[in-house]
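The chain below stands alone, shown as structure tokens; this is the form predicted on its own.
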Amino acid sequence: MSVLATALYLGPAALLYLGAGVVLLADLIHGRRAVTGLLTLVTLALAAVWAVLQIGGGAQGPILGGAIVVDSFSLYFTFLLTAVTAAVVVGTSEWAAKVEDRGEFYSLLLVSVGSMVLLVQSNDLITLFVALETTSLAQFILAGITRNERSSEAGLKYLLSGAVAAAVLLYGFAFLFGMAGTTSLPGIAEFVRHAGDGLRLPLILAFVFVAAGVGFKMAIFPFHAWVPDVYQGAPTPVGSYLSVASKAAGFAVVLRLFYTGLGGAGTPITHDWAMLFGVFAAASMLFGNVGALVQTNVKRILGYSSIAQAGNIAVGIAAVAAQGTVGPSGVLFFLGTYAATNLGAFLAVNAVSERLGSDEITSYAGLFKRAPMTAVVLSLCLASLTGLPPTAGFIAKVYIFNSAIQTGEVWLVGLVAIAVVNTAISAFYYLRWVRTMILDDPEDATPIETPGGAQGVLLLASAAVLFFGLWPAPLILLAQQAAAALLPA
């Protein structure tokens, strides 16, 4: 393949990296006068447009010796990641204007999302690990970007947890390479499909290490310990970005690894790793929801909620025993709806907490009287996280739980029963928050003004939550098409 053709395939990621350099250079030359936020949005828009051209122009397939693959799966996540990042940039522009290192903040966002685009395109253990660590390094710095005591502590905890996860993941990769003799995911899948019973134990050990390494990015139990502390200590815009973009990339890696690299359904170890993720799912839902019940800080509530939601999503991965795309398409649909829902919740918290100077749930008393629009959007997003109709969260849970039931496996039906019970538990702390905003009297009746950019993003998020709750077919179709790319031709 020519250099020009390779550049065409790598366009979105290359643009994001180039944009990061331009933003940093503009900040260096013009300082506070630089329109770094606008440059960031232009870069994200160009990357998304390039991805559209890849679809229309047929620029899809493997490149660089198969190390990178551009397909409908990677393009689905390219759009999701760029849209999430753009929403964070617009919704938190007022906060970013006060940050001393504003240029670095936007540049690191672009480096992170560019690396995640490469991550979802990775079809080889080496490119996957390099892309994963590049985005992780940018996110470690973002967590501590404000350099106050809480932010620095969050960045350090995130860094140390990430370093351990990277070492464990690399150890699992070494096992796979040592057995298969290749770092190519399709090559490893071919080896797994023909592996004898004598290799089952080392293969199981390898994927346990790999699952532990990527479990950190998914924020799934028992690799979740960093989540509540980092979400509380990091700036709220960074927490919102990590809760959606980082989690989406983590699940994308798992789907690519376990469907393309370990052969998906029908391999000798399919049942083993399906069971493993089933255990992860049940434990994450239980720990996340019970942990959230006793929290009074809204960021920590969203942190534990994120762990529980990761458990819900993992139900779709455990449903690998089903032939076809029902499991992975459920994961992709859930991630798409979760992006709108969780971004709306986090950005509403950012708009309120910035003015109140408090993250305690008691500070949200009477918010319907002080900031009606923000309170309505936050309530809608919390209802969606609970899984109440007619929100997108309800459809997402029905879809992903149904994917597990369709397998016909008794233990997966039991897993869905656990998930339904945990949904009832989650309703307590989500709806308690809504009750506080509606029924409790505010300590101060002064109206809270939400910035224009944040208002726009909140309205879009709420519109998406309702739209995909009432008419989910378009997103389901996109999710199914993206998931189909994971299956062997």
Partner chain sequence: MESPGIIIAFWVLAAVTVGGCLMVLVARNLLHALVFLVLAFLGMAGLFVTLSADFIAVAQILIYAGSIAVLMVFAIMLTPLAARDNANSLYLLPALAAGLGIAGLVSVVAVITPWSELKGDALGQSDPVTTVSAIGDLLLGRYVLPFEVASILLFFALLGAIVLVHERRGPREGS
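Numbering follows the first chain given and starts at 1. Because the structure is a prediction, the values reported are computed rather than measured.
This next part talks about the form predicted in complex with the partner chain, which is not shown.
When the partner chain is considered in the predicted bound form, Thr146 lines it closely, a heavy atom lying within 4.5 Å. Put simply, Leu118 is close to the partner chain in the predicted bound form: some heavy atom of it is within 4.5 Å. Residue contact check for Gly65: one or more of its heavy atoms lie within 4.5 Å of the partner chain in the predicted bound form. The partner chain in the predicted bound form is approached by Glu354, whose closest heavy atom lies within 4.5 angstroms of it. Put simply, of Ser358, Thr134, Thr270, Ser72 only one has a heavy atom within 4.5 Å of the partner chain in the predicted bound form, and it is Thr134. In plain terms, the part of the chain that comes close to the partner chain in the predicted bound form, with a heavy atom within 4.5 Å, is 201 to 209 out of 245 to 253, 341 to 349, 311 to 319, 201 to 209. Residues Leu10, Tyr17, Ala20, Leu24 are the members of 8 to 26 with a non-hydrogen atom no more than 4.5 angstroms from the partner chain in the predicted bound form.
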